[in-house]
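Just one chain is shown here, as structure tokens, and it is the form predicted alone.
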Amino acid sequence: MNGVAVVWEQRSLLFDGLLNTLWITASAMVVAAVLGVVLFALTLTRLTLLRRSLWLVIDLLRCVPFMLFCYLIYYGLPSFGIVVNNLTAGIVALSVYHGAYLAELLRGIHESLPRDAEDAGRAFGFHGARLVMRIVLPPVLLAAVPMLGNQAVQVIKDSAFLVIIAVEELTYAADEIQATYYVPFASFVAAVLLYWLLCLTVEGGVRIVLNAAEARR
């Protein structure tokens, strides 16, 4: 019980870490979603070189471990004269990394859906950006809601890696408590429970969206 008591006394530190994690993951998920949609839309181009180049970049990002990518952003960019603080580096790393995953996710969904609506849209004069925004994206995004929720959960979990560049998120807070008071089990279990709470919140949000979409059909 001593460890639990210590964690309770230091709950404000954990709460601050939780709020930082929430803000970081929400920001990263929004940017990643926009980036993923843009990348997906660009890969629909008929320009073969551009399309293949984009998929090469997307595949490369998906094959790089996130922790290594985070190191590259924080420690590698200064080599090119781009210096960012640790928080900005963390959000950029999460956004770009998961933006690639979202682009691939949308591509897979698009490939699985029937093309009747797209063919009809082209017949009625929809091309380029209008075709993508009005015809292609709506059904793709609706079908992607459960997987977007899964990706949001993954962003929450990957945010814990930002401790390696000293971003003061939830894992950082738990590590500070255990390093100061030597209560690793209690502090890390508390962090696990808080991460679980965040993931349950995302899952609940996904269910609400799906129920609302089903009600409108």
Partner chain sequence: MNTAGLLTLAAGAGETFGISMLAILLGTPLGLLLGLVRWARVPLADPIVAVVVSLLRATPSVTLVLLVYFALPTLGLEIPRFAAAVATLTLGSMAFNCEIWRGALLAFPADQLDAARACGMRRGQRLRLIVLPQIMRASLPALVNEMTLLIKVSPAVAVIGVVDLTRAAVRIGAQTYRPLPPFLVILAVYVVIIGGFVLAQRMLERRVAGAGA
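Numbering follows the first chain given and starts at 1. A quick note: this is a predicted structure, and the numbers were derived from the prediction, not measured.
The next section is about a form of this same protein that is not shown, the form predicted together with its partner chain.
- Interface membership of Leu193, defined by any non-hydrogen atom within 4.5 Å of its partner chain in the model of the complex, is confirmed.
- Using a 4.5 angstroms limit between non-hydrogen atoms, Lys157 touches its partner chain in the model of the complex.
- Within 4.5 Å of any heavy atom of its partner chain in the model of the complex lies no heavy atom of Phe40.
- Heavy atoms of Leu47 never reach within 4.5 Å of its partner chain in the model of the complex, leaving it off the interface.
- Though its partner chain is absent from this view, in the model of the complex it lies within 4.5 Å of a heavy atom of just one residue from Ala166, Val30, Val57, Met67, which is Met67.
- Contacts between 76 to 101 and its partner chain, taken as any heavy atom within 4.5 Å in the model of the complex, involve Gly76, Ser79, Tyr97, Tyr101.
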